[in-house]
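The chain below stands alone and is given in structure tokens; this is the form predicted on its own.
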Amino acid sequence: MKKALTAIALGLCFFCVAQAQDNTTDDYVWPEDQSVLQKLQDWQDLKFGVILHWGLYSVPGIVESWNLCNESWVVRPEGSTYEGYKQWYWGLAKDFNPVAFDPVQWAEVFGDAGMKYVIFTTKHHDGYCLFDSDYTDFSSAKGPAGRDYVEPVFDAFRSHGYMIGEYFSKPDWHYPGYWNPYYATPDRNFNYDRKMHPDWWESYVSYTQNQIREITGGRYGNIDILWLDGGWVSGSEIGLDSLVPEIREKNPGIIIVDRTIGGPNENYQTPERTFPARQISHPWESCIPLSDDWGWTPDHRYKSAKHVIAMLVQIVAKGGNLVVGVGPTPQGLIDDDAIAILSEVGAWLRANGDAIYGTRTTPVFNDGGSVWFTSSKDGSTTYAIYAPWDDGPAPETLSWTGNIPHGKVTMLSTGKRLRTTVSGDRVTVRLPRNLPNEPFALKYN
């Protein structure tokens, strides 16, 4: 049975059918710590980052962790049993050995793409740690690779100038204080009555706190972002309120992201696989995978560079950041298909990045369908960004209402001045002939 499951898993990718979640709300709580506010401003200037999911699920190239969860939407190999699948999955720990691991390649690929910050998965819901933990042997340090991967990843990205973030799952499906083997595991939640087994819960809380201390306690240098996933367990349930001062003592100004929970420990909000329809004034970040899954899969379907740019432009015009999910391969590299797409995105940003990085929103952030607006911090320069989703013919003109130019309008990438007419509050710009139907930015005062 195990051989059959392995053969099926290695041959197929089971996609997680995840619903897009816009969890942005208006009850955001601004931090009172000035160093956190400053780091949030610095982070908002970066606009574009990468989130890396890598772990046991990368070995066969399947959806990250979720096939362990016994919920109705989860798809496992036909003919498998739940317990059999779990044991097969846990057994992948003996196979996780990325022989070509090259974090410098990662940092260079994403740097070429124009990404400015990284969020690396230290532990996903399956409980497998990519750091050497004193509290479990279920880690890469105790497997065939025999090493901690967090340190070299952060060293590589830090040397390339990235802001550094740690992903950490609060739920841990491998730890018996969360999913206790005495009971079945009906869903993603802990599988017992806490009132009946308070010692189990206390063990889980202590375990989780100790692991957060391990990854934020100085071993990996200063951490800029702690990205806590698994919102069905709140930070308050694991004692995060009392832990935050300790974390910030070691990492001054660190941004805490207790995802989907709200309150003072969700320093920015994180809509997943989507972005809000409106402009939002408080800090937020859309997290969207480059393919259908967060981790690497052999039959990936990557979004095009045009699609990524269109998402980035719309998100920035609405006041947010975009973090794109990319999964390294089982061998420890970024695959060639992802590199090609991200390289196109980076080329566009090198030509048009002034309209993205360090910008702020404008009261009129969209008009004319695919035309979006940003401005310089001092408000002296406005950018009109054309970001189409489709492959139709390029327009001959761009028109919009509001954001009226008071000086010349130029192509940002070339500096070429464009013929512009203003009628009332309606602006029309004549575009160069034979322009391809690709994203571009205009600049004006």
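The structure presented is a predicted model; accordingly, all values stated were derived computationally and were not measured. Throughout, we count residues from 1 along the sequence that is shown.
Not pictured, yet referred to below: the form predicted together with alpha-D-glucopyranose (GLC).
Every member of the trio Glu64, Arg259 and Glu272 reaches alpha-D-glucopyranose (GLC) in the model of the complex with some non-hydrogen atom inside 4.5 Å.
For the options Asp224, Asp148, Glu266, Asp229, the residue carrying a heavy atom within 4.5 angstroms of alpha-D-glucopyranose (GLC) in the model of the complex is Asp229.
His125 is the sole member of Arg76, His300, His125, Lys306 with a non-hydrogen atom within 4.5 Å of alpha-D-glucopyranose (GLC) in the model of the complex. You can rule out all but one of 83-91, 117-125, 139-147, 240-248: in the model of the complex, only 117-125 has residues with a heavy atom within 4.5 Å of alpha-D-glucopyranose (GLC).
When alpha-D-glucopyranose (GLC) is considered in the model of the complex, Phe110 lies well away from it, no heavy atom lying within 4.5 Å. In the model of the complex, alpha-D-glucopyranose (GLC) sits within 4.5 Å of a heavy atom of His53. Contact annotation: Tyr167 falls within 4.5 Å of alpha-D-glucopyranose (GLC) in the model of the complex, judged by heavy atom distances. Though the partner is left out of this view, Trp294 does reach within 4.5 Å of alpha-D-glucopyranose (GLC) in the model of the complex, counting heavy atoms only.
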